[in-house]
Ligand code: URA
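This document starts with one chain, in the form predicted on its own, laid out as structure tokens.
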């Protein structure tokens, strides 16, 4: 079977709603039959187009109505920054300012993120500014009242985030907050448990840290130092 035929077959199964395939190993088929033998699960490969690009992903999103979040949005917030960035920041979802402007992290949390990136880089002698990195969110439309995105919303929109990351191929990813970390790493652990250590997404190193909106709260001042340490670790890994 050729690659094109395999792709068509996988797309057919995906259209039918299948997300996994099951197969018996050669050893299992050759062994004595078991009344209930274990069946290994084989995840379907992703079906993003070959030679994917950010403009193509944006075109595929279109005027998206795939989930309920489109009902209250003003603008789709795709992402911004260097399309060949070595470092990508992934947040949770757009807020009111982002929804109005169609750009990620432009409100108070975004201003703090800019200060964190440029301030840390400056102190560490790393010559980068915010436009040198790429920034996006797990969901592209603002959740009502800035609530946490629901699992089905993250699953539907996540396909585009994953395609963005695959198209950019950064040296590292910085996950901002629990929602981003859970979506990328498939974990239920808290940010506190995950931060400060390296994880991986599709062989790309991932550093988890606090979301800037969390750091804006007066009672979370102690977390600021931890976030700055996380960011220093990421910047030195990517740009040294």
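From a predicted model like this one, the values you see are computed outputs, not experimental measurements. Numbering follows the first chain given and starts at 1.
Not pictured, yet referred to below: the form predicted together with the named molecule.
- For the three residues 92, 98 and 137, a heavy atom within 4.5 Å of the named molecule turns up in the predicted bound form in every case.
- Taking the partner from the other structure, the named molecule in the predicted bound form has a heavy atom within 4.5 Å of a heavy atom of residue 211.
- Remark: of stretches 117 to 125, 99 to 107, 162 to 170, 80 to 88, the one touching the named molecule in the predicted bound form is 99 to 107 (heavy atom within 4.5 Å).
- Heavy atoms closer than or equal to 4.5 Å to the named molecule in the predicted bound form belong, across 116 to 131, to no residue whatsoever.
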